[in-house]
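One chain follows as structure tokens, the form predicted on its own.
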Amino acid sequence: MGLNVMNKVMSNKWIIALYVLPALILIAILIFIPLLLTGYYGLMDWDGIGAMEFIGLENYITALQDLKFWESAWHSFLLAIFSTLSLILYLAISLILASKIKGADLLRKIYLIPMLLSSVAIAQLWIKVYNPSNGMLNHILMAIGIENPPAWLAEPSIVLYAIFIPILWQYAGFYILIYYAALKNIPESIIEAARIDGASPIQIAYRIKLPLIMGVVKVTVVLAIVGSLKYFDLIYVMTGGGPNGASEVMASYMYKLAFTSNDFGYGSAIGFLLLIITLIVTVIVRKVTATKEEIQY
């Protein structure tokens, strides 16, 4: 009797809508309304405090002609490329950890440590590592015979790549944990059957394990690319986008315009363009990685 009543209740579309409504309201308040307001503010000449003046698409047109914006966009795309390539290393580490090696549990906990630290703490740590006079990295380089190691965060030609390293280090544990969980979810009977058939560990990893977790790999590719395009905090703390914009990314450029230069209208336009670019890239990545059918096991 109770089950029939429950089924009848849950088949009522109005009751289902009532259950979903609080979540929809929360999503609208926290996500959709701020996004729409950002696009609206981009149509204004506004310093964030005084009266707003409607100027139409002028901010958006200016942004599309702004070389600094496109330079920051290129830096964000470079970070996305490096983040995607780093997934290969994370996957390789996960394959090793999932192979029942000695100390795998300890290594897995060590890899998770950067996730427990705030971005500000990680930025301060790596600023000390990169310090040109007494930083650990330059001490090591001088110890092996390199007399004039670079000032990592002060040279425009290398600062961007120097910042990529702590960013990739920060999220290594996150992706390793995802891959490790996916690999552990593969039935052991499949692996044993492959061993009995004479497959080597490399063949098992490449021809069996990797295809079975390809759906998870595709998800992490999307996460890495989208996360890189909107990345902000560690870069802002370490260099503020400098020197001379050499490490500027779209999010830091937007922040600088809105809150440093007090050009809130133009900064909002940059933020809305960042949203559009991220959505376009996400759709493209999903289309490229989409397959007609996923492997089931």
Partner chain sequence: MKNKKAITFVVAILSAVFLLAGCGSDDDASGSSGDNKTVKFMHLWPEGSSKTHNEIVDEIIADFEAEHEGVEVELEVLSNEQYKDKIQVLSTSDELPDVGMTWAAGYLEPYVDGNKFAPLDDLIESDLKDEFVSGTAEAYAIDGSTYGLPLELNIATVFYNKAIFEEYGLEAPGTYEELQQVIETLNDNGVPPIALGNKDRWTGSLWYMYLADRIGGSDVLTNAINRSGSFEDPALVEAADKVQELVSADAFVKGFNGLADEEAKSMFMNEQAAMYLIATWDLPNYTTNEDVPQEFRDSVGYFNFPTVGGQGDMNSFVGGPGVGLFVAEDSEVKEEAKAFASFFVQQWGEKSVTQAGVIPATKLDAESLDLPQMYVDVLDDLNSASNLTLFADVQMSPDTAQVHLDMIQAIFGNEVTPEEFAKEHEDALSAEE
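Numbering follows the first chain given and starts at 1. Keep in mind that this is a model prediction, so the values were computed, not measured.
As for the form predicted in complex with the partner chain, it is not shown, yet the points below apply to it.
A heavy atom within 4.5 Å of the partner chain in the predicted bound form is found for one listed residue only; from Asn185, Ser189, Asn148, Ser118, this is Asn148. Note on contacts: among Ile208, Ile96, Val216, Ile127, the single residue with a heavy atom within 4.5 Å of the partner chain in the predicted bound form is Ile127.
Stretch 235-243 is the contacting one of 30-38, 57-65, 268-276, 235-243, since its residues have non-hydrogen atoms within 4.5 Å of the partner chain in the predicted bound form. Though the partner is left out of this view, Leu153 does reach within 4.5 Å of the partner chain in the predicted bound form, counting heavy atoms only. Of the heavy atoms in Asn131, some are within 4.5 Å of the partner chain in the predicted bound form.
Among residues of the shown chain, Ala258 is one whose heavy atoms approach the partner chain to within 4.5 Å in the predicted bound form. Put simply, Tyr231 is far from the partner chain in the predicted bound form: not one heavy atom of it is within 4.5 Å.
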